[in-house]
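Consider the single chain below, provided in structure tokens and representing the form predicted alone.
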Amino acid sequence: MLNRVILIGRLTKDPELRYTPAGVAVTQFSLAVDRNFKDQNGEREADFINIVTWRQLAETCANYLRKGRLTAVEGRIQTRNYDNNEGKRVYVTEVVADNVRFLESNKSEGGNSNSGGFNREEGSGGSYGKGNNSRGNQDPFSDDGKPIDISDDDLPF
């Protein structure tokens, strides 16, 4: 069975950070995702998808995401229900995110155009610029003008 969702959209409001009684961080926000077609008036409609993040990812989203920011979310669909104050059963469908990517820079960060990402497992940055490798910021595929020494034994053909 497969339950996997990937969405790209804009936040409809700032994320709401709360903590469970056990002290676990949880953040909720809504993502506006455009539909692929236009309505009868020629306007695009959008779906508003509820997103939930937990733990370190929740705190990171609350700190860095803001209303209107273009964001990618990867996770799974979850359906839950509860009884409201009037005794009626309420069903909620939401995406539980385990990976969130910021697809545009934060205007207040001085115009840095690198996107960042956070996921549940790592709890920290995905891609913050080029050349994040063990040799510093050197591009291993850059052309330094020297010939590459490859023997015939190294070639697959």
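Since we're looking at a predicted model, the values are computed, not measured. Numbers follow the displayed sequence, beginning with 1.
Just so it is clear, the following notes concern the form predicted together with the DNA, a form of the same protein that is not shown.
Of the heavy atoms in Leu11, some are within 4.5 Å of the DNA in the predicted complex. The DNA in the predicted complex comes within 4.5 Å of no heavy atom belonging to Arg55. With a 4.5 Å cutoff on heavy atoms, Lys38 does not count as touching the DNA in the predicted complex; it lies far away. Using a 4.5 angstroms threshold between heavy atoms, Val96 stays clear of the DNA in the predicted complex.
Using a 4.5 Å cut-off to the DNA in the predicted complex, not one of Pro15, Thr27 and Tyr64 places a heavy atom inside that distance. In the predicted complex, not one residue of 87-105 has a heavy atom within 4.5 Å of the DNA.
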